[in-house]
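Shown here is one chain on its own, the form predicted alone, set out as structure tokens.
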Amino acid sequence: MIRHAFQYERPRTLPAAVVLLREAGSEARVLGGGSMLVPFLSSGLDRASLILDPIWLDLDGVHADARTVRIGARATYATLAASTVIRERLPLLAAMVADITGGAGLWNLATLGGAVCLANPSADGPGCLAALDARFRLASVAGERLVPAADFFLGAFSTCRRPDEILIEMVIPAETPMGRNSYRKLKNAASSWPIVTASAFTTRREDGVHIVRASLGAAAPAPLAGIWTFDTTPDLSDASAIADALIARMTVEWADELAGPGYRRAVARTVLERVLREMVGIS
């Protein structure tokens, strides 16, 4: 039960929505699936004065063209799991979605866009989206901007999204077919948040250059991601070099009730190396 009074709005248009957000400022919250926001409100951890529900704004679809896949901010995990576009164009994302903790009640409610905006370091989505080089389209009364993952995730529960902005969609490059890919995570129990996640995939450009993108999630306050190029098919030595490079970027470790200081740093390499071995075809 939510014990404080608040304004609940379901605007019919995006212009009306961003005006409401501008007027409410930092007291506004945009409702995704509500799987995290509603418990926060009920417990008193969040006392927002405005809850904006974008249910009428048509932000729950998956769309594709020759170059990108666009995922609406309100697309649920169930929607993504059922999407042929996601399975065929973004198999790495499909693997991540298939491994989301929870049952049907969560999958049909929770949204990837909501997880992105919450930016919990111990979550599946941010790291995977960073590996995919996702960009986040934000709208306000001043217009729209498209922000790459490297600039969007600032730290634990912190993004570049301003209080007067609403996430519209996630835009993911998909012009080049995705080759081998792998997503893995370590967690304490089947029902717990991840302690470490790792994502990796390969593509091959028309000129024959092999591209590898990889990321490490949940280990640091923000996802760690990078891109590497190779003249030939990447092998185990290349995978080791990628692992070394990503681990070296882990200058600050994330610690919470799931894993105290030192633990994530100790296990991150093992999870990452497993993903990279699978990516190069060594199980």
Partner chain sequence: MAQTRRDESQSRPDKAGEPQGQARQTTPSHDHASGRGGIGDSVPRIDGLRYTKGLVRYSADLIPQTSLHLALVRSPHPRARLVAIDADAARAMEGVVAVIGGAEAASLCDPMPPALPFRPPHADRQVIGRCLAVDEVAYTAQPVVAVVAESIHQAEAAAESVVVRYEILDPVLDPDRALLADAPIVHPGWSSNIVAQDRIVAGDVDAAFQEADCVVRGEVVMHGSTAAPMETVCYIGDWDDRVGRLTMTGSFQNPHTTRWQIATALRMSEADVRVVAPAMGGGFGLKMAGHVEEGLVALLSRMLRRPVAYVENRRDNLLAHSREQRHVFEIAGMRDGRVVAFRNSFVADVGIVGPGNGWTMPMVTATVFPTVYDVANVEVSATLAATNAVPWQPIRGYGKEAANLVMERAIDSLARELRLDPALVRARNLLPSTALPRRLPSGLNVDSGDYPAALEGLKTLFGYDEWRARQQAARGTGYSIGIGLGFELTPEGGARPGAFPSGFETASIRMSPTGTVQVAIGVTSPGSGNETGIAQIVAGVLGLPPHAIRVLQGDTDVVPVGTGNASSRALLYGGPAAHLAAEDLRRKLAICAGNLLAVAPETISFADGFAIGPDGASVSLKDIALGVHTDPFRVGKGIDLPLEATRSFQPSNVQVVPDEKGRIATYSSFPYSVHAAAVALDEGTGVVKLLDFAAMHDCGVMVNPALVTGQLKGAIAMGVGAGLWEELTYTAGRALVADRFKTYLLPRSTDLPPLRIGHMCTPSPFHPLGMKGAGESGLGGSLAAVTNAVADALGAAAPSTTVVPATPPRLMALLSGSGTP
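These numbers come from a predicted model, not from an experiment. Numbering follows the first chain given and starts at 1.
A second form of this protein, the form predicted in complex with its partner chain, is not displayed here; the remarks below concern that form.
Remark: none of the three candidate residues (13, 141 and 145) comes within 4.5 Å of its partner chain in the model of the complex, counting heavy atoms only. Exactly one of the stretches 83-91, 171-179, 192-200, 124-132 approaches its partner chain in the model of the complex with heavy atoms within 4.5 Å, and it is 192-200. Though the partner is left out of this view, residue 257 does reach within 4.5 Å of its partner chain in the model of the complex, counting heavy atoms only. Residue contact check for residue 187: one or more of its heavy atoms lie within 4.5 Å of its partner chain in the model of the complex. Heavy atoms of residue 22 never reach within 4.5 Å of its partner chain in the model of the complex, leaving it off the interface. Though the partner is left out of this view, residue 102 does reach within 4.5 Å of its partner chain in the model of the complex, counting heavy atoms only. With the partner omitted from this view, the residue of 47, 63, 67, 249 that lies near its partner chain in the model of the complex is 47 [heavy atom within 4.5 Å].
Taking a 4.5 Å heavy atom cutoff to its partner chain in the model of the complex, the contacting residues in 1-16 are 1, 2, 3.
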